[in-house]
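First comes one chain, alone, set out as structure tokens in the form predicted alone.
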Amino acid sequence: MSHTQIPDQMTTVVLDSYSGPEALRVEQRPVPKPGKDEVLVKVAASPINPSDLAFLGGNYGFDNPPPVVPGGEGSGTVVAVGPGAMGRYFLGKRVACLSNGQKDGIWAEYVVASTKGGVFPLNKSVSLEQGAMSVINPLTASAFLEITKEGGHKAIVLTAAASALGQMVNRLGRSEGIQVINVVRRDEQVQLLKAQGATVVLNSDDVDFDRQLHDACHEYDAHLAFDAVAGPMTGQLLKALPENSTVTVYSCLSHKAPQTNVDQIVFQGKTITGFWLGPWLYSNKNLLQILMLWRRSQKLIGTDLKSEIRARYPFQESRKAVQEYTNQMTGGKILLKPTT
């Protein structure tokens, strides 16, 4: 069932091997057909996220055999549906869509998504471009604040804090009265966050960074850190935190395994955990609770959960777009679009 004319062929971005952006190309593929409890989305835009970079290099939780279409999230309009009542509900609606890793991703003119957590209706006030960036970072930021509050924490440490996600966590933290101890890599990132209202921003390249981090963790009694870097940074965080603290690793920007000293684990009661948005959502919440979390985040897309857009590229320039994002991951998102 469809409201619009759907072509037989579509333009897609394809990854030929898990070897980075040089393995990307554009090709024509048949438009997929939605099955039971699925919808077909005509894609408007899809952002490049750190998780997409990890996917391109074969360092993410999805390992579909190439050639494969990348892209973790995006937005568009539902133009056809398969059998099932939920599909009929979404027909004609503007939606955000999320790849579950079992099929091709969002960097295509048309994608099939599941009605059971793969598509979310957009508020009328949310543009398709903002809607394209309204799942992964906003829901992750919301999850971090929920984990923080449920654990009774009044302060957290956050690495890669100048990222789009980091800025969202900071804004939510200020709204909720949570002190964020921010860790960044460059002086301009320090100034960026301070200009936005952050009070504690540490540069990991400073010679006395470890002392600064230790002092801040103990001053604010921070027992929880969210780490996007991994590698040696995980160990630095554990060392700085008080006893009985936790570092939650949610990315691996260093491309190295988390490192730590066994004394911190055995004798100081410190732990390392992991966070991945999809499993966290579906193991902690039912579908109704997920939709309630989504509705709350939609109300904040224009404020605390807003993403700035730095550039827009057509699918044909996906290599260039990914390279630009790789070179500078702060300063605004880069969107891929079927056409600019």
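These figures come from a predicted structure and were not determined experimentally. All residue numbers refer to positions in the sequence shown, first residue = 1.
One more form of this protein, predicted in complex with another copy of the chain, exists but is not displayed; see below.
- With the partner omitted from this view, the residue of 68, 272, 31, 44 that lies near another copy of the chain in the model of the complex is 272 [heavy atom within 4.5 Å].
- Of the residues given (155, 128, 252, 143), 252 alone sits with a heavy atom within 4.5 Å of another copy of the chain in the model of the complex.
- The candidate spot formed by 92, 282 and 290 lies out of contact with another copy of the chain in the model of the complex, as no residue has a heavy atom within 4.5 Å of it.
- Contact check for residue 266: a non-hydrogen atom falls within 4.5 Å of another copy of the chain in the model of the complex.
- Remark: residue 195 does not count among the residues lining another copy of the chain in the model of the complex, judged by a heavy atom distance of 4.5 Å or less.
- Contact annotation for residue 60: at least one heavy atom lies within 4.5 Å of another copy of the chain in the model of the complex.
- By the criterion of a heavy atom within 4.5 Å, residue 204 is excluded from the residues contacting another copy of the chain in the model of the complex.
- Residue heavy atoms within 4.5 Å of another copy of the chain in the model of the complex occur in exactly one stretch of 71-79, 94-102, 182-190, 258-266, and that stretch is 258-266.
- For the partner-free chain shown, nothing in 164-179 comes within 4.5 angstroms of another copy of the chain in the model of the complex, judged by any non-hydrogen atom.
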